[in-house]
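Presented below, as structure tokens, is a lone chain in the form predicted alone.
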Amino acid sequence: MIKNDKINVLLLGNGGREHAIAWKLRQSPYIAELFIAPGNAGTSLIGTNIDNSLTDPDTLVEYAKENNIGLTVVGPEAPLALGVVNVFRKAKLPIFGPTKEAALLETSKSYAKEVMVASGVSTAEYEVFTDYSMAETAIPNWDLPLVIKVDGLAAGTGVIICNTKEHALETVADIFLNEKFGTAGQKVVMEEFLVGQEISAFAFVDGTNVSSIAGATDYKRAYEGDNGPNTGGMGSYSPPHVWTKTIESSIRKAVFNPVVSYMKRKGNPYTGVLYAGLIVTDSGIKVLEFNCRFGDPETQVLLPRMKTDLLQIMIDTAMEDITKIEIEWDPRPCVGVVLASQGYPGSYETNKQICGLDELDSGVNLFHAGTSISDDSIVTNGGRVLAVTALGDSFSSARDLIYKNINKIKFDGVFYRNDIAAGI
């Protein structure tokens, strides 16, 4: 618990997730200075962006020491994979996030599968392959559609759903022979395609204990009607329309508790926020994947619903004791729509001036992702550029407010889905 002075916070990352985290942290009465490395145009409005590399944990440690940082918060997955939490802990600096070893739950899909099986967590049937010939030989034995996943980190694009044998063969050739995903594709996980309602479930974990669980639903496909290639996420809403106390309890007992207990028994206790990508099937809840940080764009619809002080939660988590804090959530739904650059998730142009950001209605949250400042103007600097979110008394009222305001935002090549949270 925070009991004395305010503290300085260092937040790592530059996406929409990090802007949402910064926005929520800034509301804490316990925060003094907020530094974001490297941040974006949005975070520069509520904190101080710093030009520090996320691939150099030692430099980040030195910055934290020099600036009296009371807590460092890791937003994206890449620093976790590099072991930034290990380096900070060795320097005895408080940090929110899992160690490199615990983060294998996200950075290696084959490892995550091993943990699920060992801890009794239900998941799709799967096989792991390390070369093209083995994968090619196995494909005819699988029913269609077939899900093919690269083992390592692929920025949300490493899951391919193949509807034909030909597509599956092309996919494994791209991964193994053409090295499309680089070292992330040194292993491949093939698994059965599951049908049901997908849910993203999030909980804070202190190594032993699991907080209350919150849920969201995101939209991975680029185009309306769930068509097009997979993306990092084109929109989301919270809570999922199928969310109930019974489902939350089932997820805790069947997923979070056994995995957290297993990781502790194996000497790699998990601390931070744990994200379980789930699917509710006719035969029960199954785990699709784990992420070791907040989701994007789910964070942008979760944190507006959080009524508890996020900084307090993160401090307690980093100090490995969340037993004394209760997390309270606004019961109203929140909907978020991502505005992307034309061509995403493939190639796209940047440096397009963004207009209309000052014209949004009260109650609308605007979270920057791929933005930067050029000649005193805010311009595009990524595939996913902005997320527009809003709470509402119903999903339809939140949707109406969002799409009304999206029409005010202009930049060359903007595209977004019109069906986020439709019909709920």
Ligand code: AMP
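For every residue, the number given is its place in the sequence shown, counted from 1. Computed from a prediction, not measured in an experiment: that's the story for all the values here.
This next part talks about the form predicted together with this ligand, which is not shown.
Asker: Only one of L194, A254, A81, V128 gets a heavy atom within 4.5 Å of this ligand in the predicted bound form. Which one?
Answerer: Partner contact (heavy atom, 4.5 Å) among the options: L194.
Asker: Out of I325, A124, L310, I354, which one falls within 4.5 Å of this ligand in the predicted bound form, going by heavy atoms?
Answerer: After the contact test, the surviving option is A124.
Asker: Is D316 part of the interface with this ligand in the predicted bound form - any heavy atom within 4.5 Å?
Answerer: Because no heavy atom of D316 falls inside 4.5 Å of this ligand in the predicted bound form, the answer is no.
Asker: Taking this ligand as it sits in the predicted bound form, is E101 near enough to touch it, meaning that at least one heavy atom pair lies within 4.5 angstroms?
Answerer: Output for E101 is no: heavy atoms all beyond 4.5 Å of this ligand.
Asker: Just to confirm, K220 within 4.5 Å of this ligand in the predicted bound form by heavy atoms?
Answerer: Taking the distances in the predicted bound form, the answer for K220 is yes, it comes within 4.5 Å of this ligand.
Asker: Find out whether any non-hydrogen atom of V280 is located within 4.5 angstroms of this ligand in the predicted bound form, and reply yes or no.
Answerer: Residue-level check for V280: no, no contact with this ligand.
Asker: Which one, 146-154, 133-141, 329-337, 89-97, holds residues whose non-hydrogen atoms are within 4.5 Å of this ligand in the predicted bound form?
Answerer: Flagged stretch: 146-154.
Asker: Sequence order please: the residues of 148-179 with a heavy atom within 4.5 Å of this ligand in the predicted bound form.
Answerer: K149, V159, I161, in sequence order.
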